[in-house]
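Take a look at this single chain, the form predicted alone, given in structure tokens.
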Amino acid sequence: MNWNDVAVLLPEIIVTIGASLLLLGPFLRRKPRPAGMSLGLGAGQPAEVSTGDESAKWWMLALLVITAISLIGVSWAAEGLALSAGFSQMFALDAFSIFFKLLFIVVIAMVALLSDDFLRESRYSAWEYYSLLGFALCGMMFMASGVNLITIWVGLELMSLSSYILAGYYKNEEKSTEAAMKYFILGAVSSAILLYGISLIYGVCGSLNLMDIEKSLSTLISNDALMFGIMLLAAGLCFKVAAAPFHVWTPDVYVGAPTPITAFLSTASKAAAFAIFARIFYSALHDFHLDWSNVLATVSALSMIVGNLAAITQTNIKRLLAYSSIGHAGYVLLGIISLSDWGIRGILIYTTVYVFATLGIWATILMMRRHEYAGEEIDDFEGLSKRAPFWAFAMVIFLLSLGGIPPTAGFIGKYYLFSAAIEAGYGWLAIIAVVMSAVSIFYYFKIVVAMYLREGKEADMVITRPLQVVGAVALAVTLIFGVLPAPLITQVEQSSHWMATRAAVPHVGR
């Protein structure tokens, strides 16, 4: 490893050091003991720690800004850097990874803003909370740049371990603890399945580097052990993106976790999982496309059907959005199985617009909160059009985007994904996607009906500046990229060019 390798790793190094320093925040800001207090046993309570310190948020946002600047700087200089052979076999800084890393940084910044009020009012440490978000970001950044299955797995586990703790951040709340335990147990099982699949792929191909795996597969006609390994790998990844039938953890975790963490799990965590899903299957496993595509097509159809139909009966909005996210995982899988330039562009576009629309919804939900858990029932939105007409309008736009209705950005994403599926010969799957999108409009409009056609009770809303910022940014992205999608499409084309080239390689022996 040389200094050029360190330079390429600079954003990850900054995040790691910053997240570690955030852990020291409570000790650095410990309140002094009263004069003359003894340090012996029975001398009194230990020094109190400031848990809701406002400065923690600013340190976190400063860390994210520095990380983004370093990432942009490194990306400009990366082309001229000579990396060591061993390092380049593990880590890549390409346009695809840079796109996702910048998206992760923006999402974590918005989650930090969503968390501001709940941390200020809670009895839990803000410093530890932001530190865990920092470590999760570091794991996601390694996932996006990983070109070795072990690098990807280590990044995935770092993100997952941080997520397990964050899901149970209400340590004394039964729902939060239950959510964390379910998430941890099922996540551990999925990680074991994923690792077993990786070991089988290594046994057949003799390497964990994605390009080496690609070269090995190009000479194979069929191999049962390899196909079993690919299926196990896909099963582990489907758990991370909450695709059916690997979705059973999603509703309970979304409901039990603190609402800002639910926002994190439904956006950043899901986007990171789709990033590695696309990189692995586009760059390493495309030669066995005919073997795994039909399996993932079944998973995609099942996710869309189960997610959208189960959401119809929900009255708890967090559980409704959990099932909705399962359906959206099915939509994004259309881009994976199509294995085309339209498919990879659809993944990047849809992931981006889904993330911002979802964050806007969570910002609006947090405005409704009354206590540690947000106003979670659809009935809580009754009369919102009179109490806060602008945010009721914004909520409608976010829901229309998730439903894929023009002129919102969600329509552009679904257009690319559905077109990719049709182009790849999965017209039947595109029909299911269109029908399930229509179904999603039905249950999304249950919220719209509550906001505009019901009176509701008079209740104060907590519309703070951080929530306004997140909601306004999400609304601007959803509308601007819906009406003027060209800038996003251009950026996505540049970021997906290498992946699309890999997908276009002839399928040797298939």
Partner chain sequence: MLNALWLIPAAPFAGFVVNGLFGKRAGKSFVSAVAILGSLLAAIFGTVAVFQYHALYPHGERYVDLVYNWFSSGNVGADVAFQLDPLSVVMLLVVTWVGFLIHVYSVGYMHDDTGYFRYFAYLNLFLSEMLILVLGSSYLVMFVGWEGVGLCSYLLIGFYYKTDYAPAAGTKAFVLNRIGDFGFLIAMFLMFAYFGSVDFARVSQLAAGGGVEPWLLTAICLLLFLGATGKSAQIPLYVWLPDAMAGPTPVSALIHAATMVTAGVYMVARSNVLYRLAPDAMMVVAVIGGATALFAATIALRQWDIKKVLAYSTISQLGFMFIGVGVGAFSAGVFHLVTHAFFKACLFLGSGSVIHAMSGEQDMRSMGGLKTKIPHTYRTFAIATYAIAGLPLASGFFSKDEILASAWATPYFPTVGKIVWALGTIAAFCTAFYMYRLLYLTFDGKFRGTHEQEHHLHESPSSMVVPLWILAILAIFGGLLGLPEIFHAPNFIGSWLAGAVPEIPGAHHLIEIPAGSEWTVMIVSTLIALAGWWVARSMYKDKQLDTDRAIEQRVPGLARAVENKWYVDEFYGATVVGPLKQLSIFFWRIVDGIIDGIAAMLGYIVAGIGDLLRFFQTGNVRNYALMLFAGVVVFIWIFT
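Positions refer to the first chain, counted from 1. Quick caveat, the model's predicted, so the values are computed rather than measured.
Not on display, but discussed next: the form predicted in complex with the partner chain.
*Asks:* Within 4.5 Å of the partner chain in the model of the complex, do we find a heavy atom from each of 227, 252 and 306?
*Replies:* So, yes: the whole triplet contacts the partner chain.
*Asks:* For residue 24, is any heavy atom within 4.5 Å of the partner chain in the model of the complex, or not?
*Replies:* Because no heavy atom of residue 24 falls inside 4.5 Å of the partner chain in the model of the complex, the answer is no.
*Asks:* Is there any non-hydrogen atom of residue 239 lying within 4.5 Å of the partner chain in the model of the complex?
*Replies:* Yes.
*Asks:* Residue 178 versus the partner chain, in the model of the complex: is there a non-hydrogen atom within 4.5 Å?
*Replies:* Residue-level check for residue 178: yes, a contact with the partner chain.
*Asks:* Does residue 246 reach the partner chain in the model of the complex if we count a contact as any heavy atom within 4.5 Å?
*Replies:* Result yes; residue 246 sits at the interface with the partner chain in the model of the complex.
*Asks:* Report the residue, out of 186, 74, 95, 102, that has at least one non-hydrogen atom within 4.5 angstroms of the partner chain in the model of the complex.
*Replies:* Selected option: 186.
*Asks:* Would you mind picking the one in 120, 319, 215, 289 that has a heavy atom within 4.5 Å of the partner chain in the model of the complex?
*Replies:* In short, 319.
*Asks:* To test your reading of this chain, name the stretch in 330 to 338, 189 to 197, 379 to 387, 124 to 132 whose heavy atoms come within 4.5 Å of the partner chain in the model of the complex.
*Replies:* Correct option: 189 to 197.
*Asks:* Any residue of 294 to 314 with a heavy atom within 4.5 Å of the partner chain in the model of the complex counts; write them all down in order.
*Replies:* The stretch touches the partner through 294, 295, 298, 299, 306, 309, 310, 312, 313.
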